[in-house]
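Here's a solo chain for you in structure tokens, the form predicted on its own.
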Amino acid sequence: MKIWLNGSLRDPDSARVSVFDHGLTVGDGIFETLKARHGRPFALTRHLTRLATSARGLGLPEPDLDEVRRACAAVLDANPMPLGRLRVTYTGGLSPLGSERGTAGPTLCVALAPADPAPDSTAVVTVPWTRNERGALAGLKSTSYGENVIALARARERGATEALLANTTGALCEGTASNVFVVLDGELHTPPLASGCLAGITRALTIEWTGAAETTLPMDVLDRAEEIFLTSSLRDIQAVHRLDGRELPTAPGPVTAKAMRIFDEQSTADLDP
């Protein structure tokens, strides 16, 4: 296994980040997760665009996207596998202890791990914690993931693979690592970015390819939705067959199944849409 760290490929034993790296000490960093099939990443350009957007939002130096492309290609070439999780991490770098950034420059790491295909459907739960749609990190792909770790652990305890959160107004927002879509009266809806949800790459492509509407939705829409599905880079489109105690026995339903088919066809036809 080879990992890219600050300009070169390294063995895992030599790929070391300082204990004073700001990404470790205060979670000052951003990241992207991409699906890679047989050494080819999906939607790389969109992911790099979002990486740069997150860097600006966090006040990090603009990443060298050409270098990130080279790093991704080098890691994929060095670690052949049929399906992988490609992770790009970009942090504030070597810094003093505390919130102030140092002057040594950012840390860039690219790593790859094997991934399993996601099943067509899954169970999810709702959790009592909320997303702050007005917070400084709203909409940024930040490495400050503590809230997601807690919520996902709650989901796992209850036999689910994802947890759905409301925002501070009580509107449906997103999952810990996914966006959520619902079907109401046969029509497809997903929360708008103003809800505080991440601008998911798979979410954006699903909206473009299916015509789904961005709609502010109360949290209780989950109790009456005809169908529910999740989107993310490794799930693609995944139906929900159980939400808390509610069973959706036909999952994936007809609207979800159509969206899955469209996404599969479009993403196969163009690896960098």
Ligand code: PLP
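We number the residues from 1 along the sequence you see. Source: prediction; values computed, not measured.
A second form of this protein, the form predicted in complex with the ligand, is not displayed here; the remarks below concern that form.
| said: Which is the contacting stretch out of 68-76, 173-181, 117-125, 149-157, given heavy atoms within 4.5 Å of the ligand in the predicted complex? | reply: Flagged stretch: 173-181.
| query | Would Trp129 count as a contact of the ligand in the predicted complex, using a 4.5 angstroms cut-off between non-hydrogen atoms? | reply | Taking the distances in the predicted complex, the answer for Trp129 is no, it never comes within 4.5 Å of the ligand.
| message | How about Gly84 - does it come within 4.5 Å of the ligand in the predicted complex, if we only consider non-hydrogen atoms? | response | Gly84 lies outside the contact set for the ligand.
| query | Should Ile201 be classed as touching the ligand in the predicted complex when contacts are defined as heavy atoms within 4.5 Å? | reply | Yes, Ile201 lies within 4.5 Å of the ligand in the predicted complex.
| Is the gap between Arg242 and the ligand in the predicted complex 4.5 Å or less for some heavy atom pair? | No - in the predicted complex, heavy atoms of Arg242 and the ligand never come within 4.5 Å of each other.
| query | Going by the ligand in the predicted complex, which residues of 134-148 come within 4.5 Å of it through any heavy atom? | reply | Result: Lys141, Tyr145.
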